[in-house]
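Only one chain is shown below, in structure tokens, and it's the form predicted on its own.
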Amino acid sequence: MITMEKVFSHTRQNDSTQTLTKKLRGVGLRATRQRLDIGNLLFSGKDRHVTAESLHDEAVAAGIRISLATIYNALNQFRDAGLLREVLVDPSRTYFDTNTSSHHHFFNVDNGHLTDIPHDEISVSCLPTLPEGQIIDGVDVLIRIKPDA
């Protein structure tokens, strides 16, 4: 039996897929099934920070059959297209941020949680002299925090 809830859910899902398809095409990416699956997980709510591994776990829990390599590839493609921002916490840990506006982060070293800091809450007053022929492309501040023992 088809209920109104199923009809509305299907309509919302179609609208979301159409919006995401336009978003992907708008940055020059084909709307493949894998990109749509990943994009629906990433962009169907508020801004968030994910690792490839955490997003893979989320996909598996949602019943999406997708490899970790495909997740990595899509995240890097989304980043290159400007849909995500990469936050390098250390050489072995990279997060992807759906908030691409200019802002900074707190990083909790105990639980690995990233929290946005609005851009205007941090002021960088002194930057070093740049090498000849170089310009500043951006300044990212990552503040490492931990619970007060």
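The structure displayed is predicted, hence computed values, not measured ones. Numbering starts at 1 and follows the sequence shown.
The protein also exists as the form predicted in complex with a further copy of the same chain; that form is not presented, and the subsequent description refers to it.
- Of the stretches 65-73, 86-94, 51-59, 32-40, only 86-94 has residues with a heavy atom within 4.5 Å of a further copy of the same chain in the predicted complex.
- Contact check for Q134: a heavy atom falls within 4.5 Å of a further copy of the same chain in the predicted complex.
- Of the heavy atoms in T98, none are within 4.5 Å of a further copy of the same chain in the predicted complex.
- Although the partner is absent from this view, S44 stays clear of a further copy of the same chain in the predicted complex, with no non-hydrogen atom inside 4.5 angstroms.
- Interface membership of V27, defined by any non-hydrogen atom within 4.5 Å of a further copy of the same chain in the predicted complex, is ruled out.
- Contacts between 117-148 and a further copy of the same chain, taken as any heavy atom within 4.5 Å in the predicted complex, involve I117, D120, E121, I122, S123, V124, S125, C126, L127, P128, T129, L130, P131, G133, Q134, I135, I136, D137, G138, V139, D140, V141, L142, I143, R144, I145, K146, P147, D148.
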